[in-house]
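Here are two versions of the same chain, shown separately as structure tokens and labelled structure 1 and structure 2.
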Structure 1
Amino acid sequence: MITFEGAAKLYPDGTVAVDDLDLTVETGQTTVFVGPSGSGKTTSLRMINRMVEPTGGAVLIDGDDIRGRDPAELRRSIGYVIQQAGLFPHRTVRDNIATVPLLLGWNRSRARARADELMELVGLEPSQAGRYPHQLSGGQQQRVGVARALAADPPILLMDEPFSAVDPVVRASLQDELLRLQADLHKTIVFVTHDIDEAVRLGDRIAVFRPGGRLAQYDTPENLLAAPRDAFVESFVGYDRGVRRLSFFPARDLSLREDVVFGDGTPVTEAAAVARGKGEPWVLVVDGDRMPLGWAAADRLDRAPAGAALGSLDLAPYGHTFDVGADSLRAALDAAVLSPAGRAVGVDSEGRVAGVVTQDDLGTALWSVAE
């Protein structure tokens, strides 16, 4: 557990970086520090490993004031991941990862064996062990940085905007990797970002800092989105916070419709009759394995050649799907908004169609959540 007790950082020129911070980071959880530039989030993180020395108050780890520990020894006991990975350019991937174990006195074979183990853990190929940082992509370098921080199995992991320098696709992949690792390792993670979406996705708790280094709100992601403490927090988390909040409600409770889902061999006349009877403007066409093929507009079914099957029609794309068992209401809403039919296609873990949800039905579910 990490505890800030009235922690403060005042620079000689009068700049207040952190002002009277009281906060407890729970063991085994991911706590995200988020806020605009100049709000003290990075300074607060660096107080933990004494890269920044507090000028007031105290920072404690498991009840012990960090000022009672040697700074170098303290830093070797805490994992640290920064933007751009900060790798040694003249060392191979394996030796970069083995850095801290070697500093702690491990023999070289043991340290390298640990490095190889961690490469697999963070999703790097064994063939990359002998490469140098410049031979890796930005995302691969960040994975090496995470592996290096984990090498000595530290209980605490500090991450200072580690994914901000990579493109959005790689960033999402690295976030997924961190969530997977944390589910297995249960480290005490302090993660700094300026991105509220990243904070909501990764954090068990989020600390929102306001300019001047004061803590504005410290809460769970769901509570932060549901009840911002003041106008600053509300503005920072965004006025679309209601949509973000849908990430915390599972899609599995949605009522899916199967009556407008037809196999590609179904006669057009049969699908047209069902669509007319139900007043449905679209039907979803699937193949023999119930994999989605596309949407057929009801007004075109009546104009199709006699005896034609649905699979012979020019279908509208079905958009992207949502996993009924694993995704959230936000994913379902996103799928519905982007669908040319205004309907979301729900699938099982194998990608087979479980049913569809209309905007009206989705709206009813969203309304119940809002209440």
Structure 2
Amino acid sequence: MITFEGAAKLYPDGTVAVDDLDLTVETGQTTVFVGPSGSGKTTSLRMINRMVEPTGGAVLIDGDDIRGRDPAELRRSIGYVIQQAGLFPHRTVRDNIATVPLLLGWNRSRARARADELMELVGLEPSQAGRYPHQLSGGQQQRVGVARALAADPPILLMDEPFSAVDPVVRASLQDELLRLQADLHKTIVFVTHDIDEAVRLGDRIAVFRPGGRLAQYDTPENLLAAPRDAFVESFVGYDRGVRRLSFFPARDLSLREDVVFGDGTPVTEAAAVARGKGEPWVLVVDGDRMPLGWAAADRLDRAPAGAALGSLDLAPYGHTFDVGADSLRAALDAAVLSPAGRAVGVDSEGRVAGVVTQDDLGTALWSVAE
């Protein structure tokens, strides 16, 4: 059992990421944290393995305050799966999965045997054991991520948007696999998603977060859909009925912004003037072939040295792109929600940037198809 007791996270810049969270996650169940971008789901999740320390309240595991636990030891007892798997690129699939057992001091042959057993458990072919992550599809990489998290048989598994960056068909099969695994394993799973369908599908209980890091409702999926407690929950549940439909609409109809896309040789002052003029908080930087490099925050541009080019700045990762010709509005929305800039990068079939789209623009597209 994991208990949040008035847990809070206030960042030094004044952001309240999580506000007075009281919640009990039952042992052996899947609890889903769902809510819009920025509502404190990831921050709350990371409190459980002490990647984030609360600034108020406490988190307890089986009644014990986790501040009494050594963070490294705590993390080895808690599996952690993130978006795009977070695999070690220069290690084989088998060695990725065996990471924690080896850290725990298992000998190599036992760790490898465990890795092979887990590959089978998550539906990977034995022939993939010697491959490297980049040789696998997105869905296969996520399976490796799940296998790695399960390797030392931790009682708790934390999963942060683990399936959000794969296409809807693969996502559905990964969800099925997780349900099948959990029916055997009965782990205490905390699963973060922005997708209410995914929450309803996977969760024994669902915690709906609202902006400002507040818990809006904590309930079974059935009750949540049948009796949303207030207008926010009702619209969030309803909004996603629209989101589900987005899979049926092509991204090609979106109007993409090109005016906030700049080559890496562009003087920072020029990009800053455009961003300021348009009130845009982010600009996208691309290379000479229009391949994406990353996002530059407009307020950082003003502070860059005079005469600098955009390519010399530290850029935020551009995240997951969507293919303008082939993907759906749903893929575009997922890319925007997961991007640090809250904006998605649309690319052509070669991966070259066609333009960017904001969550607001996507919101407009959403309402127009939700009619």
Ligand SMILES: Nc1ncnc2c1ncn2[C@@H]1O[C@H](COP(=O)(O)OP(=O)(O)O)[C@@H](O)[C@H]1O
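Please note that residue numbering is based on structure 1, beginning with 1 at the start of its sequence. Rigid core: the largest C-alpha set superposing within 1.5 Å between the two forms. Treat the numbers as computed from the prediction; the structure is a model and nothing was measured.
Trainee: Identify which of the two structures, 1 or 2, is the form predicted on its own.
Mentor: Answer is structure 1, the other one does not fit.
Trainee: Would residue 272 count as moving between structures 1 and 2, using a Cα shift of 2 angstroms or more after superposing the core as the test?
Mentor: Yes; residue 272 is a residue whose C-alpha shifts (by 2 Å or more) between structures 1 and 2 when the cores are overlaid.
Trainee: Take the rigid core as the frame of reference and indicate whether the C-alpha of residue 348 shifts by 2 Å or more between structures 1 and 2.
Mentor: Yes, its C-alpha moves 2 Å or more.
Trainee: Aligned on the rigid core, do the two forms place the Cα of residue 310 2 Å or more apart, comparing between structures 1 and 2?
Mentor: Result for residue 310: yes, a 2 Å-plus shift.
Trainee: Cα shift of residue 295 between structures 1 and 2 after core superposition, in Å?
Mentor: Residue shift at the C-alpha: 53.8 Å.
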